[in-house]
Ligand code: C5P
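Below sits a lone chain in structure tokens, taken as the form predicted on its own.
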């Protein structure tokens, strides 16, 4: 069953049963549906899709954004449901905690109804080939829907927002109009990993729907931010490194001026990629390929492959806005979630283009500044520490827990010179008013392909450290929380498990 369309048919058949389960149980309640979702771009897109779908059905709902679905949060939810007896939907998490949910969400000893729409590996599952996935599928349907049940890789083929989109379509076929928001979530989870930043799996089917509805347009474009000043967009790009220019926007500006690209607009602002004509883009592409070929001695075809990508444009949004480009849209949502303003992101994804959007734009500036300061601090102070098989950093007072995962991702994706991409990196930051660290692990695809699975690393390290804490995620990205006095033993256990994974694959 390799055809993604066949897998999608099986998924939708089960999603119909999940829809029936939802409607039957909702009719028994007198409270709004409670939606719990994650704070990143995928989680906010997921919450927005569910919110819009329920709104369209005149079903009252409440959305709560959580940093993680941790055990203490599950217990809080359990206390709340005992009081209000509301139906719950967990989106973009829940699979990695389904055993705790089953154990805690009870009233008078009886399980209360809830739904999980997630794309992460189910709890206690090592990877997509684990035979126990079939058992979990049999035990938890129809209230638990996960792509791994159908042989679909939730790491790259569908996001949490994609799973919520399919549920919304089962609820009402008119919700197919939410396809573009599902793609925002997928891009937020960096799932456009195919050739030229294309989508695979279920995401490709969602894209096809968005194209048919004329919501999205695909253009071949340079792989730089489309809304940042052009010299900054190229200088700070991770898609291509240009010796003597990367990291230096002033030198990049001189390079562009020498090239003959007029850099100022009539209002005195620096041009963005969106402001360039086709001729200027063609001239810039040729110049960058020539420069990189000479300086880096790389074949022009290889440079072109990294330089030119599919860009996904929302046709009904204003050109140059943070919502016109799906990638910039996802960045805006992520900045909302990572600064405790998840409600703004959900409002925007549900269609608010006024107050929420303006507030989010202001918020984005502050968020980008915090990221820049954090990266600068890491670069200048030799914060990254090394063990034999892993590397790690303590965010101290400079990196808050809410962005530590973002920083770890950027170091890996940008292949920063201050890290070793052949080792997973673990970042941790102290949680305010609690004696724990939030830990985020990230691994480059080259070592994931060699057998590194951070979801398993996190779970096993917690067990070896005698910690009754939830943790997990995907092979390239996973997280948990660890008591401050246990961080050293936890990291050492991670080091040992990574060693074992590499040796197992040899």
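Positions refer to the first chain, counted from 1. Quantities reported herein were computed from a predicted structural model and do not represent experimental measurements.
Note that the form predicted together with the named molecule isn't included here; everything after this is about it.
Partner-contacting position among 327, 86, 97, 339 - heavy atom within 4.5 Å of the named molecule in the predicted bound form: Of the candidates 327, 86, 97, 339, 97 is the one lying within 4.5 Å of the named molecule in the predicted bound form.
Which of these stretches, 467-475, 43-51, 443-451, 22-30, has heavy atoms within 4.5 Å of the named molecule in the predicted bound form? Looking at the partner contacts, the answer comes out as 467-475.
Could you tell me if residue 439 has a non-hydrogen atom within 4.5 Å of the named molecule in the predicted bound form? Flag for residue 439 set to yes.
Whether residue 120 contacts the named molecule in the predicted bound form should be assessed with a 4.5 Å heavy atom distance threshold; does it? Residue 120 belongs to the contact set for the named molecule.
Is there any non-hydrogen atom of residue 34 lying within 4.5 Å of the named molecule in the predicted bound form? No, no contact at 4.5 Å.
Can you tell me which residues in 251-266 come within 4.5 angstroms of the named molecule in the predicted bound form, by heavy atoms? Heavy-atom contacts to the named molecule in the predicted bound form: nothing from 251-266.
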